[in-house]
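Form predicted alone, single chain, as structure tokens, below.
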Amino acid sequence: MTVDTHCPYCSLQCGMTLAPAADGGAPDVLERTAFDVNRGALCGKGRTAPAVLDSAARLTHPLVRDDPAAPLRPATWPDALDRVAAGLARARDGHGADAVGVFGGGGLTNEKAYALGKFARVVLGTSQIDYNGRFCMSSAAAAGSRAFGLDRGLPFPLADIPRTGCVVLVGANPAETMPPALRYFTELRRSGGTLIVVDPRRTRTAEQADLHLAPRPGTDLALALGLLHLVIAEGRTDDAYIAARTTGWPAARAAAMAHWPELVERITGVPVPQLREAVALFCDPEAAMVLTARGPEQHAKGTDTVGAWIDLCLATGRPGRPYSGYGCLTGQGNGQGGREHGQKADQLPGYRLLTDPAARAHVAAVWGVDPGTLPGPGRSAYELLDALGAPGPDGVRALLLMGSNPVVSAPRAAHVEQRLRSLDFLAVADVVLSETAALADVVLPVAQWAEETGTLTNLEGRVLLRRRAVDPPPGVRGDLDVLRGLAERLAPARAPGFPVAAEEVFAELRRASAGGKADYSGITYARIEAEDGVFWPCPEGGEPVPRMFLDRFATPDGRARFAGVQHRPAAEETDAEYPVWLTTGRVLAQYQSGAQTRRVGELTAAAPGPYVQLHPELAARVGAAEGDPVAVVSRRGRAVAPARITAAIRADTVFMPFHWPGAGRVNTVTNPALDPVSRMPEFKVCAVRVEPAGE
């Protein structure tokens, strides 16, 4: 029997159909053309996703370590859960509730993200919970919330992209990161629209653009201000829109006027004629969009950078109009829903703030607890990882980690690995023995995408149902089952509040989100199936909202707010010792930390390991030939990988993908400097030197 479901990887959440394999092995993937996000198209990762369901590629029984020096060995589930409960309780009872941390993942379903946040606050009583989605789109979320009063990655469906006149794609490479989405940009150009790509590299996406702007890494903020300066100077602002639908324009105008074209050319390296061409392409059509991704967001000024691009949209009257506006291309599969319902350090379900007394009262009533017992906001993701095992009363002594691999994915990764090793106790629930799981005292093997039912929210804000198609192997349990088992051991009276059935958890999530900004109360499993996805907000008795802000913004006065920000340098600038910029990203055949995709033969053959992409001029200066091992060295460490020489990158910049551990782990080198608002680390730019690595 076939089952309609969704891909386990990126935020497109492409539709697919799974069919039983003739040989009884992992199911076959069939096209699901009726789902309009991808219309049957899948990338290589989606096509090969069932390979990780194979027992040989994943964990099938709990593992425990009898002492810190002992290897992991198989154990029973009761023994493993007893050990996890005991390890968390020791830290809590000996050092206080905040000595226990919880770290989640942007791939967890809405039900699991909700239950994990509830478990941290109700069972453990800790404020110390965050998730790897903080590394994904938190800067865009902060900027969108500041401007519009609400953040939903795309406030319009993907299908609107071909109907606009121009798209400015800033720091995104969907040709490699979400290939089925590329057709929307192809259709845009076929219908007469134009595509502008902003990226220091000439990526596969940039090759298809009408105009490619290649700024120095870390200068996207200045670029946006320079474009806005020209919009003002050329009289292209929408003054009626600004007066009727926005506030804060004088400060934004002043900031832009301080960034004249020649200054912006010196800062960014983008020639003035290209700036003028970009303004004409963006302003001439009636409708236009700016879409950002990790390129401008993963900076210590990411919130302000995105805010500057939103200011460009507001000044030209784009947001809240048909086929126009600003949107963020979310990365992780449930990066949107994962933060809406409680994994994020400062948020409760429904996108409610922990500091809001009314929000605390509402959620506490659903959970059956006193609002005063709910902890306040905790540390952000990197700050939480940095506090692991730290001496003193503020250190986190024990950690429960679900669905993340920070040994590979966190900035300053060697330091994070050391912090994980210094914990009194580490428990990891995962599908595979990731590099982080290999450090744990207890490893819990959990079910994955095709083995369980649950909802996810894609980059459009469309809530989808990923259906169970096969049974998990014997010895594997679901994450909800794990949380129930731990609750029974740590707080038996609270255990009934942790059901194992996903639909039952979703019913509670609906009540907890009711009246919040991310209101799911009108969404049910039956409605998702009938409509093939439901856009939030969707209150009880109400209708979904695929296109937001058409009448008013979600601010108290209904007006959007200009950011009015100034350019500032990256947290770390180049100098004589570290004269080159490093930027990082993904490749087509791998995903995130690679914990799953590196176990798929076809994907590993296509992308077997890391590399250093550098310009021929830089290669000549450092004496590197194609394929030579080169070292990329920063103030934090050293990464070594083969040289890949191409003119498709700036001569002052090198690029490395971040999917691999070991010597080629680029996050050994990256800078953990944090954005003051979003607490996003500065993954996308740091100062390095490049040198021959020898044998």
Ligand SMILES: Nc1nc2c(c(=O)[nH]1)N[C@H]1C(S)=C(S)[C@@H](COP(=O)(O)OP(=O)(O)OC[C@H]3O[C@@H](n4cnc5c(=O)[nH]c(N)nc54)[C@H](O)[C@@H]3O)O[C@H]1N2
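Residue numbers run from 1 along the displayed sequence. Bear in mind the structure is a predicted one, so any value in this text is a computation, not a measurement.
Beyond the structure shown, there is the form predicted in complex with this ligand, which is absent from this document and is the topic of what follows.
K.L.:
Would this ligand in the model of the complex be within 4.5 angstroms of a non-hydrogen atom of every residue among A222, L354 and G378?
P.N.:
Zero of three within 4.5 Å in the model of the complex.
K.L.:
Test of understanding: in the model of the complex, would A398 fall inside 4.5 Å of this ligand by heavy atoms?
P.N.:
Residue-level check for A398: no, no contact with this ligand.
K.L.:
Does any part of F135 reach within 4.5 Å of this ligand in the model of the complex? Heavy atoms only, please.
P.N.:
Judged by the heavy-atom cut-off of 4.5 Å, F135 is in contact with this ligand in the model of the complex.
K.L.:
Can you tell me whether L456 touches this ligand? I mean in the model of the complex, with a 4.5 angstroms heavy atom cut-off.
P.N.:
No, L456 stays farther than 4.5 Å from this ligand in the model of the complex.
K.L.:
Using the partner position in the model of the complex, report whether A429 sits within 4.5 Å of this ligand, counting heavy atoms only.
P.N.:
A429: yes, in contact with this ligand in the model of the complex.
K.L.:
Choose from 287-295, 382-390, 615-623, 571-579 the stretch whose residues reach within 4.5 Å of this ligand in the model of the complex, heavy atoms counted.
P.N.:
Selected stretch: 287-295.
K.L.:
Taking 4.5 Å between heavy atoms as the contact cutoff, choose which of T268, Q590, T303, S127 touches this ligand in the model of the complex.
P.N.:
Contact check passes for Q590.
K.L.:
Of T246, T164, Q566, T584, which one comes within 4.5 Å of this ligand in the model of the complex, counting heavy atoms only?
P.N.:
For this set of options, the contacting one is T584.
K.L.:
For 460-494: residues with a non-hydrogen atom within 4.5 angstroms of this ligand in the model of the complex?
P.N.:
Counting only heavy atoms within 4.5 Å of this ligand in the model of the complex, the single contacting residue of 460-494 is D479.
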